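Take a look at this one chain, the form predicted on its own, written out in structure tokens.
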Amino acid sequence: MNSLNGMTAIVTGSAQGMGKGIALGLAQRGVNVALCDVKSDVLEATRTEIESRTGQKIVAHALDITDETKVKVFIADVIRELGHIDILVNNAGIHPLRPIEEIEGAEWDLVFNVNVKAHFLLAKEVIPGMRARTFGRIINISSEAGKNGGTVAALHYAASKGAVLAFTRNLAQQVGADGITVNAICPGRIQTAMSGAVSPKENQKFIDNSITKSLGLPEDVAYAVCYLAGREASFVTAETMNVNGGTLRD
């Protein structure tokens, strides 16, 4: 059963790490994917790799997703390139690891702009087309830190990921009658550059606290995204799915 075949998706923050894994997972199931990321130096290589591995149409745009004007242009370009947008995966996020004493106001604003405001800007632009087709899937990547405050998570990061959960629940209420579902995923510690930014000792704490005794992989999150993006998940909305190896049991 592959209800994703023939769909189109946007995955933000998809040049590498978890976003790349999500984009690849979708493309492997027959989805044409628009990648976007500020990391223009690796974005094209990722586009080429996913396209060659899957045979799907993959487009890539270097983009600051906190810029409303650029987001509007980006969405228009993707619609022109791929025809329409069925799935939006708001994955991009930043996590400067600093204690409260070292966080400046400008950095706080930047974290919320990337981790929350960009979700709003992209969702606002794709929803009209989804409403017109009475189908859409919006999947927001939050974090375990958005629920429990995190282990090594910085204050602005944890707060922004909590905001993503409230954003998800409210938006789901506004668009559910139009055939659009809105869900969130809370990953635990995934083997990406973000987890590599903390010490092996800190990662070991996560492993020791997990049921699986391991870190997660990007494809673990991709599997969850693919389920929520499919037609089979039409009755699942305003939900938060934990993908964390059992470190947060709620």
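Each residue number is its position in the shown sequence, starting from 1. Remember, it's a predicted structure, so these values are computed and weren't measured experimentally.
The same protein has a further form, the form predicted together with a small molecule, not shown here; the description that follows concerns it.
Novice: So which of 123-131, 86-94, 101-109, 176-184 is the stretch with heavy atoms within 4.5 Å of the small molecule in the model of the complex?
Specialist: In the other structure, the partner sits against 86-94.
Novice: Does A222 make contact with the small molecule in the model of the complex, using a 4.5 Å heavy atom cut-off?
Specialist: Close contact is absent here: in the model of the complex, A222 is far from the small molecule, nothing within 4.5 Å, heavy atoms only.
Novice: Any chance S143 has a heavy atom within 4.5 Å of the small molecule in the model of the complex?
Specialist: Yes.
Novice: Any of the heavy atoms of A60 lying within 4.5 Å of the small molecule in the model of the complex?
Specialist: Although the small molecule is absent here, A60 would stay clear of it in the model of the complex, with no heavy atoms inside 4.5 Å.
Novice: If we define contact as a non-hydrogen atom of the residue within 4.5 angstroms of the partner, is I65 a contact of the small molecule in the model of the complex?
Specialist: Yes, I65 sits close enough to the small molecule in the model of the complex that at least one of its heavy atoms falls within 4.5 Å.
Novice: On the criterion of a non-hydrogen atom at 4.5 angstroms or closer, are K117, G149 and F167 all touching the small molecule in the model of the complex?
Specialist: Result no, not one residue of the spot touches the small molecule.
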